[in-house]
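Next up is one chain by itself, shown in structure tokens, the form predicted on its own.
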Amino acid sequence: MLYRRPMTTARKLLDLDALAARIPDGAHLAIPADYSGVAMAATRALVRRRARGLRLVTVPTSGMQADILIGAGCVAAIETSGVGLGEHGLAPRFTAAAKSGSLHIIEATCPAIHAALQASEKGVPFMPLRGLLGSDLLAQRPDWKVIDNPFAAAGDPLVLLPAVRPDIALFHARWADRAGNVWIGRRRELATMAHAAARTLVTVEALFDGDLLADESTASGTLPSLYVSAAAVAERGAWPLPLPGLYAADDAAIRRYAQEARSDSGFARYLDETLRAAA
């Protein structure tokens, strides 16, 4: 079993660019859905350092984060059950890459991604799932195996999904305390990501003055420092996406991105303006 050394403030509290530098080119990177706490400030830092060859797994979908990384040339492959901008339409850079064939897309479903991560979380090589039976997706995924349930009579098929173990899980949360514990609230998929990944990098709104595990009101929503490799403070670090319980999505900013990113020139202009503003 992998031993995870807990984070201490002196050793593992980094600035944003140093945190992004912990994500090497070619890393298998787990990122959450738009509603879970997306590390957008860290995403911009990855673009600034010209990250390359990332292999994304979205938990279970993504939107603006994946689209920006793809458009900036940071991504070689993505395993996902969907990439889009919700009411703002298609994810334009993902769509362009899919049409051109420049991006390796591994199709999945929401339950399949969660199940494969749960396999790694539990330290087992695969996880069974029924909901994929009868779908065309099985023909696209030779790594998914159909077997008969060994504990039942013949004719009870199951799909076995190989465990997904990301190199790094990356997300944004409200607080980290000085012991390295991170408060994720009710977003339990973030805990699954952290448990499954070899390392977890987190950006947070602020440092919490106290011990998040010592108070009953925060302990149940806290990811222990055992699973946190490093953290960086990034106020409004999910913007323009929401951080549940603290701020809503900036619909005007997302709408503007959706319009600009439809063309190569518009995306380049958006990226230049955004990175200059964040510098």
Partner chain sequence: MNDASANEFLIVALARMIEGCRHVAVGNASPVPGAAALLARALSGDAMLVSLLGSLAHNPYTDGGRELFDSAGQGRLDAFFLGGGEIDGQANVNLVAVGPHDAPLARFPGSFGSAYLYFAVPRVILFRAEHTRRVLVPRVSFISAPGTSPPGIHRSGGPTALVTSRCAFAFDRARGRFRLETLHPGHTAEEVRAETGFDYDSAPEVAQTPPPSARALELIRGRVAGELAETYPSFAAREWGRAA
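Positions refer to the first chain, counted from 1. It should be emphasised that the depicted structure is a prediction, and the values quoted were computed from it without experimental measurement.
Keep in mind that the form predicted in complex with the partner chain is not shown, yet the notes after this line are about it.
In the predicted complex, the partner chain sits beyond 4.5 Å of every heavy atom of residue 145. Using a 4.5 angstroms limit between non-hydrogen atoms, residue 94 touches the partner chain in the predicted complex. In the predicted complex, the partner chain sits beyond 4.5 Å of every heavy atom of residue 168. At a distance threshold of 4.5 angstroms between non-hydrogen atoms, residue 111 is in contact with the partner chain in the predicted complex. Contact check at 4.5 Å (heavy atoms) against the partner chain in the predicted complex: none of 21, 49 and 215 pass. In short, of 67 to 75, 175 to 183, 134 to 142, 200 to 208 it is 134 to 142 that has heavy atoms within 4.5 Å of the partner chain in the predicted complex. In sequence order, 244, 245, 251, 255 are the residues of 242 to 268 having a heavy atom within 4.5 Å of the partner chain in the predicted complex; the partner itself is omitted from this view.
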